[in-house]
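Here you get one chain, nothing else, as structure tokens; it is the form predicted on its own.
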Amino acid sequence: MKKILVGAAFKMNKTVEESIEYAKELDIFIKEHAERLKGIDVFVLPTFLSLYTFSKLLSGSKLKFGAQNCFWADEGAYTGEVSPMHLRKIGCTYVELGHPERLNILKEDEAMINKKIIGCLRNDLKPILCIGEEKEHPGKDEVNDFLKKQIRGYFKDVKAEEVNNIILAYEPVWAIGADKSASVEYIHDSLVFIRDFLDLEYGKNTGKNQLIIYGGSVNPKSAFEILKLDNNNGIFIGRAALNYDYFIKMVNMAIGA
């Protein structure tokens, strides 16, 4: 059975109280539909302020949670940063890294993200690494060249046996916050390239075993077809998932895909 992930990142939205209410409702839904959700992992990435409460609220729950960022060192004089070791100790499973908003607004670069990936892997956290080209291209050569360069830079010093512990979130930058997601054909072709490239770089079956999810204006019209792609492992939703009913609709689509 193909592994499916359905995730929501709250960005800088929802108070702690609002996040708790959301998580409580989602936890109840998952418990009530446990049989239907076999093979599907549902996760939420709230703001840092909510994470410790989530660790208590969701102890033993099948609902996974994580952070939207972390630092690369476990401890030290890094004012205002958050340790991957501390995130793991409170029960986080995932850490989102490399989102275009952090690249563009906070000027994170390839080297910083690479060090954060290494820090997460060192602490048995699963990075959800955002990759994707900035512009849509009618021919895929430019897209493939961009993805190849991005993956090589981000995966520097990552051991071959660790690659499959990284979840790739393919998010074409031009589709984030847009009116529609990339076409199903476009997504399929990009995922084929990513999997083939990982095989070449890290050994046979690396690409086959890689968890890759799609993000970028996922909506009810596109989600079901995206989820049905045989080379896709799920969907990653941003601002639209702030609406609980909307997110549940996406989870139900994953069940039916």
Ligand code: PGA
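This is a predicted model, so every value here is computed, not measured. Residue numbers here begin at 1 and follow the sequence given.
Below: the form predicted in complex with the ligand, not depicted.
The ligand is not shown here, but in the predicted bound form it comes within 4.5 Å of a heavy atom of I237. Shown alone here, G216 lies within 4.5 Å of the ligand in the predicted bound form, counting heavy atoms only. Proximity of K11 to the ligand in the predicted bound form falls within the 4.5 Å heavy atom cutoff. The ligand in the predicted bound form comes within 4.5 Å of a heavy atom belonging to G177. Between the options E142, E101, E136, E108, the residue in contact with the ligand in the predicted bound form by a heavy atom within 4.5 angstroms is E101.
Residues placing heavy atoms within 4.5 Å of the ligand in the predicted bound form fall in a single listed stretch, namely 217-225, out of 188-196, 42-50, 55-63, 217-225.
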